[in-house]
Structures are given as C-alpha cells and as structure tokens.
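Form predicted alone, single chain, as structure tokens, below.
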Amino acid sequence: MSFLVDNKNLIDFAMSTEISSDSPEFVKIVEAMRYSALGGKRLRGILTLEFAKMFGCSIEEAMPYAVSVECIQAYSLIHDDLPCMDDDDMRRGKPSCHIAFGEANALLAGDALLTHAFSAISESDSAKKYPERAIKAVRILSGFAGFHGMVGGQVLDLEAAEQIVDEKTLSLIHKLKTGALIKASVLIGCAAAGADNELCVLSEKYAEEFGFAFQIIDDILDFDGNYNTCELNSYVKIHGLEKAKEDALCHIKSAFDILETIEKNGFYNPNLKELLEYLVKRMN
C-alpha cells in the first residue's frame, strides 16, 4: 500500500516544517516537540487526507488539518507516558520525552503541541481561502480531543487501571480514548473538503467502526497468549481471543458497508478500503 508510505512522508515533511523556530530562546522546547512529533505511522493524518481527497479537497489544502490532528496525537502520547499517567520510559523504541528532556519540559512540549494544533489550521492558507471550513474543523477537533472525547477517555482509563471494568465501560473507554481522535481525523478531513451533513454522518460511522477495530486489534497484538498476564482491561482478557477477532472483523465489515453507501452517493476512494484491509493484515 504505497499510499500509506507516500502520505506518511508528506505529513512528516509538513510536520518538520511546521514545528520549527529560528529563535534561539525556543530551541529546547522545539527540540522536545520535534522529538515526539516527528515519528509514528501517521494513521490519523492519513485518514484526514484520504477523506478530504475523496470529497474533492487537494492534499495541499488538507495538509494543515492532517498536521493538526497529528499534533494532538503527539501531545497525548507525551502526556500518557508521564510518571503521573502511565509512567512509560520508552516510546517507539526510544526514551520517552520526559526521560529525554525532563518531566517539566515534556509536559510543556505536550502543551505546546496541543495549542499548536489549532494554529496549524487557523493560520493556514486553507483557512484564509475557506474560513468557515477551518472554524468547523477547529470546533470538531477541540470537541473530540477534550473532556467529552479523548481526555475523558483517558480519565476513565486511569480510573479503571486497578479494577476490572464491565463490557459497557470498556466500550466507552475505547470509544473516547482511541475512537474520538480517529473520528476527529475523519471529520476534519470532511470539513476541509466542505462535505455536506449526510456525508459527514456516514464518515463518522466509518470512523467509529474503524476505531473500534483498531483498538481491538491492538489488544490482540499485545496479547502474549497468557490470560493471567494479559492487561487487566484488555478486550482479549474480557472477551477472549476468538471473540476479539470476530468482533474486529465485524467492525471492519461494517466500515466496508459504509464505504459502499458513500460510493452510491457518488464518492469513492479505494485507499479507504485498503486501510481496512491493512487492519485485517495487522491482526493476522
């Protein structure tokens, strides 16, 4: 799937350009931001670009929106790794930001990436050309990234760290902590293209199914074959490995069906189907 590599490279270049400064007094904070933001699969940014493209927006005009969601993703990972949160010393095969730069600088780097996400959209040429689309995207991103979305999911996840939760609570945690930013990624792509409400509703449904499948598959990949050592609230721990695989495939099938409905409305992007096939390959 060459489009994944191509889009990742485009987003990487845009992120590197966007997160920079010529001012010597900001060298340390920019270095910490770049340390954590310049890396990863860029799946959320790719979703933004591909939905924007499907509904008629150029990659160039959609790129600030992809950068914004990747800034949110990077900040959330920095904060997740902090000692007061998940207390992880490693991220993507290298020391976490707070190990490399100190806890205070990591906290501030996350804060800076969070706030920069919105200036990436609002100060872009795309926003000057279509200000109403930029306003809509900022509203979407702030809503899904905030306490009604990703942050709310993180709070629930922390509360559940010491106890086994029921299926309903686990589903809500996944919907918010993982799924909310995936929804935001898709919907700001729709906003960048000026997609109508019906298309946005269908796209959000695709994102929800994609998000659930993505999280379940992550839990499957993390499973070491031993239910006793499995993470306490892993989907696999609660439902079993075979049921987890069945449910992931069910969510992927639903996402495929939604794309078929969008196609009947006159819009088609084969890359979005390939993304679903990519999830299946990850699981297998």
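Just so it is clear, the model here is predicted, and its values are computed rather than measured. Numbers follow the displayed sequence, beginning with 1.
Omitted from view is the form predicted together with geranylgeranyl diphosphate, to which the following refers.
Heavy atoms of no residue among K53, S126 and N271 are located within 4.5 Å of geranylgeranyl diphosphate in the predicted complex.
In the predicted complex, D218 approaches geranylgeranyl diphosphate with a heavy atom inside 4.5 Å. Contact check for R92: a heavy atom falls within 4.5 Å of geranylgeranyl diphosphate in the predicted complex.
Residue contact check for H79: one or more of its heavy atoms lie within 4.5 Å of geranylgeranyl diphosphate in the predicted complex. Looking at K177, you'd find a heavy atom of it within 4.5 angstroms of geranylgeranyl diphosphate in the predicted complex.
Residues of just one listed stretch (25-33, 255-263, 40-48, 241-249) have heavy atoms within 4.5 Å of geranylgeranyl diphosphate in the predicted complex: 40-48.
Contact with geranylgeranyl diphosphate in the predicted complex, defined as a heavy atom within 4.5 Å, holds for exactly one of Y130, Y75, F101, F212, namely Y75. Taking a 4.5 Å heavy atom cutoff to geranylgeranyl diphosphate in the predicted complex, the contact residue among C200, A106, V138, M150 is M150.
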